[in-house]
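One chain is shown next in structure tokens, namely the form predicted alone.
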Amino acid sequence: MTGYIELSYLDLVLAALLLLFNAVLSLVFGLQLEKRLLIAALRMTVQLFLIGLVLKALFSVASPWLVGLTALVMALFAGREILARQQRRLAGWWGYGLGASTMLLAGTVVTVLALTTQLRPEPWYEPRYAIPLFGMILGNAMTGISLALNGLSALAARERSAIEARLLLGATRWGALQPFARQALRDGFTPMLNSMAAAGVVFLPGMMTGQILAGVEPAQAVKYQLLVMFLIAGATGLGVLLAVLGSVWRLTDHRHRLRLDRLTGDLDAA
């Protein structure tokens, strides 16, 4: 069978009834998630339809400047999501800028590498390839970076006495925070490792499933999925590493002192 099955709006409405089931479960069990669930679904629907219109326009123009601008806007929104997922965050511009900049850098480097070496579309910035690929890489890097930053700030606040004791004994800022930075790196890598370990046996990844439903041969869909997973792993690793190193640098100063005053939130409650 080739081609794809075209979906109607009625098909989407029927599928959305499953979401209403989740909202009912939230009401029955008093989870208080029904409002957030419905708002998230509405937001997702509006965003996807809007991005569909944007992509249609981009595909017809194929301008490198528009592709770059779109990627920047995506990264800026993703940076806001990273900020929102942190219980304690770096104060000021750093709270937003560190996550957004490291994610943008990692996503851009890996996406450009894939476009110029593995995929090689003509032109290399072809939006039909560049934007979806960058989006998949960005989304996964966002999860890893947000978990790493949240974990490191929480550990730094909770283990303040241990860190300051290491510093008093002569450890550098990097040495004193090394165990906690290592744990933050583990936190950031965990979703990626779980996805890679379970892909194929426990679940079929989204890109592979979409291609198969669209009529692509399974063997070719597997190749594309493997490529994307490897790219995601590389971008996540680079982004998480840069974010953790930047956070350690910001949480200390050149005199090797712990600077928890640069974190927001009630540190005494840690």
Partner chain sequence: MLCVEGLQRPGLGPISLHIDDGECLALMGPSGAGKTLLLRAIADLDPNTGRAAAAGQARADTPAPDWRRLVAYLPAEPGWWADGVAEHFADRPAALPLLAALGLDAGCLEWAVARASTGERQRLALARGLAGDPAVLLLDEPTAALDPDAAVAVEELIRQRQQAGVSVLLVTHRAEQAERLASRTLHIRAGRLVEGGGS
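Residue numbers count along the first chain shown, from 1. Please read all numbers here as calculations on a predicted model, not as lab measurements.
Keep in mind that the form predicted in complex with its partner chain is missing from the display, and what follows is about it.
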- request: Name the stretch, out of 117-125, 82-90, 168-176, 100-108, where some heavy atom lies within 4.5 Å of its partner chain in the predicted bound form.
  value: 168-176
message: When the contact criterion is heavy atoms within 4.5 Å, does Phe180 count as touching its partner chain in the predicted bound form?
response: yes
- prompt: Does its partner chain come within 4.5 Å of any heavy atom of Asn194 in the predicted bound form?
  reply: no
query: Does its partner chain get within 4.5 angstroms of any non-hydrogen atom of Arg250 in the predicted bound form?
result: no
query: Taking heavy atoms and a 4.5 Å cut-off, does Arg160 contact its partner chain in the predicted bound form?
result: yes
message: Within 4.5 Å of its partner chain in the predicted bound form, counting any non-hydrogen atom, which residues from 239-257 show up?
response: Arg255, His256, Arg257
